[in-house]
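As a starting point, one isolated chain is supplied in structure tokens, in the form predicted on its own.
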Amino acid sequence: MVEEAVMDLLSTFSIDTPTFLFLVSILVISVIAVRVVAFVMNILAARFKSQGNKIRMLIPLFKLLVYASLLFIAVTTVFNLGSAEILVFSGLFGAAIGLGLKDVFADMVTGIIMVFEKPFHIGDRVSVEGHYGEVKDMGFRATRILTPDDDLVSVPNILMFNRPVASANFGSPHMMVTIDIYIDFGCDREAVKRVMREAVVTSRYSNIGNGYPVLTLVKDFPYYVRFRVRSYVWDLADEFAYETDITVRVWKELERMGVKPPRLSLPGHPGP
């Protein structure tokens, strides 16, 4: 019975040279359209930075619409599908998923859900499964993250959906950056706090204003003191340049003041 249904479905398959050229042409047009739209969206996102990440999220949505339409056109073009053929085709598709494509299908469905739920945006800085970086693309099967070491990591969408994902900015062009400085235990804590705050306020990368506070935190450890400043960088692209700028200028001023880094611990004692 199943074999007869499959044979009936295959008997409706028909493709000739004009049909083949038509399918190839719409495939080429679809790929070009996706790339052109992605290029335009990235230009608009760079121009309107406050809404940049939200504009980029239109790219995977457009991809979804284009490729879903392409698949529908291809299937209905090469098969003459009636109600019976559609039922058989659905059964074969379900069997294929069960026999080995379930992971691929799960990634595709998850990618579609993420496009609409938006747990993060293209351009966000995210951390997942030990990987940190910028979300460069959200595909049907995987999300691509560019790490600070310039490695492009492809994370399956099902993993992005089932694991905790930390977004450092969630669609905003501004992001909090945490910078730690470790000082000898005998330092003047208030003086170090002032130096760190002044370095942040005077940095050309800082975003200082309403809703973007500068927090300076101090915590004592057995052999050193940790000074932590939390502030916002104006542009995500300057995250590491900002951290470097603050660290270098803080230490330059601390050395001028005679403030020392942590001293080595005595033998037999745990170090920092």
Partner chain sequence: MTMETGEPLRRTHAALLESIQATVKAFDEGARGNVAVLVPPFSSFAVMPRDLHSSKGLSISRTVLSGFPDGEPLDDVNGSIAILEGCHHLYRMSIGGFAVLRKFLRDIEEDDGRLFITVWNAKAWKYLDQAVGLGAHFPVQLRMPELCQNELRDIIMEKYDEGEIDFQYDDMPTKEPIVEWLPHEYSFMGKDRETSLPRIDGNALRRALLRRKVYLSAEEKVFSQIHYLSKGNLGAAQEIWIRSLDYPVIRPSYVLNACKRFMMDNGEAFVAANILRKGKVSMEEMREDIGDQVPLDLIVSNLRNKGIVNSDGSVLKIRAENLSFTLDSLAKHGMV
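Residue numbers count along the first chain shown, from 1. A quick note: this is a predicted structure, and the numbers were derived from the prediction, not measured.
Beyond the structure shown, there is the form predicted in complex with its partner chain, which is absent from this document and is the topic of what follows.
- Between its partner chain and the residues Arg230, Arg35, Lys219, Arg204, the one pair within 4.5 Å by heavy atoms in the predicted complex involves Arg204.
- Think of it this way: in the predicted complex, its partner chain has a heavy atom of just one of Ala199, Ile145, Ile183, Met138 within 4.5 Å, and the residue is Ala199.
- Checking 23 to 31, 232 to 240, 59 to 67, 219 to 227 against its partner chain in the predicted complex, the stretch whose residues place heavy atoms within 4.5 Å of it is 232 to 240.
- Using a 4.5 angstroms limit between non-hydrogen atoms, Arg163 is distant from its partner chain in the predicted complex.
- Contact check for Arg194: a non-hydrogen atom falls within 4.5 Å of its partner chain in the predicted complex.
- When contacts are judged by a 4.5 Å heavy atom cut-off, Ile208 counts as touching its partner chain in the predicted complex.
- In the predicted complex, its partner chain lies within 4.5 Å of some heavy atom of Lys252.
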